[in-house]
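For this one, two forms of the same chain are given in structure tokens, first as structure 1 and then as structure 2.
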Structure 1
């Protein structure tokens, strides 16, 4: 009955991170064999997902049963549960993605498959750049403006149009009032904007004069303007209150919009989430 040993009862780590923490925590106050397990797994945690108990045990220089005990000390029901944790945390692109990409690129010059590889690569780089260069404070500010808006007006032409079109769809699904200004109607769009609204404008070089004009209109009326653009010193920057920048790596003359859409989508979902609270 009087349980509660010093190592507490049994909270099984729910993430790889939590697993590492727990590992560091118990390390040093373990029996000899279990310490061997801890040391080995700390060093080779990447093998957990694919190896069997026997392989781990051999690697650590202990019998399989020691590995089992170790898993249970950490709070898992057994090795299977630990392995599940690591398998689910694995990236889905399992086989050698890099070599596959290289092979595709190496194909016939201008072949469709080679093009796909290029665009995939460009998209991936764009996404990574987004993650690295993201300004959390600016993002926070943008969400704040959008969350308090009565109606969110969406503006974007040419290559930006798909982005705002998707935003319009997503906002509708999320039950957020949004209006898409896609056509040539700078005039009608202006008429639709009311105090309390916000304009979310997406534009990249070369900046469409029409989009810039719409942003100017919003500013004239006194509406906050949130801009999604490619450079901090773009023409939009002077017109916008909040400027989110996305550097999209392009291949040839075209961009895959991956990072732009990812950011736009995040904006939309974050906005909807904040409204519900």
Structure 2
């Protein structure tokens, strides 16, 4: 097997997508330790923006110097330049809740009845966008995977938790075996996942590290993963077999779950109906 040269004259990738393309080009041509870096970052590129060299090296099972050398092979001056690329691509987060509330109070739309009207309108727009953009093929694939599962594992934290909690309730009422992974007390319950099960995971930016870790665990043991997320290029998209995207229109930087709940409920009902046929 030929190895890549120890230096490269190629300019560094200018985008995250270009980085992934460069990674695919050199994969399989690298010395062992550099290949370990490539394999790890291909699976965990969502960690580049917020991890240290030492953390990446530990995850890949290599010394930090190998990570630095790997970055240089791809055209970067070092890990810092690679990290800047990924940080620049991170979605701009919403302001904290105190700031959102202060901004809303500063405007003319703070009366309770006006707030109801605004949130109803944001929900309407979200639902219309879901109906317009939903892929029927992907939805069928998701229902097919869930309908044949021995147990459906449900995972989603923070803003996503109401979605999976409601799904657990609906599946219980529909007599579909499901387990909610709530993370209470720091217990992940990942050991409960068995062959024949499916993981249904929900996460939106900023993505929960615990949720991503559970999705990775399911993938590692060969379980299908169905994801509800906000972007096709979210970290969940690289871990899931089937990805359904849903975008919530916000009002005053507050986002409801109108479209997400509608999609989740549709999945649950369709899954139960498919299992009965």
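Everything numeric here is computed off the predicted structure, so don't read it as measured data. Residue numbers count along the first chain shown, from 1. If you superpose the two forms and keep the largest set of C-alpha atoms that fall within 1.5 Å, you have the rigid core.
- Only structure 2 is derived from the form predicted on its own.
- Put the two forms on the same core and the Cα of residue 36 is off by 2 Å or more between the two structures.
- Relative to the superposed core, residue 58 shifts its CA atom by 2 Å or more between the two structures.
- With the core held fixed between the two structures, residue 67 has its Cα displaced by at least 2 Å.
- On the core-superposed pair, the CA position of residue 22 changes by 60.2 Å between the two structures.
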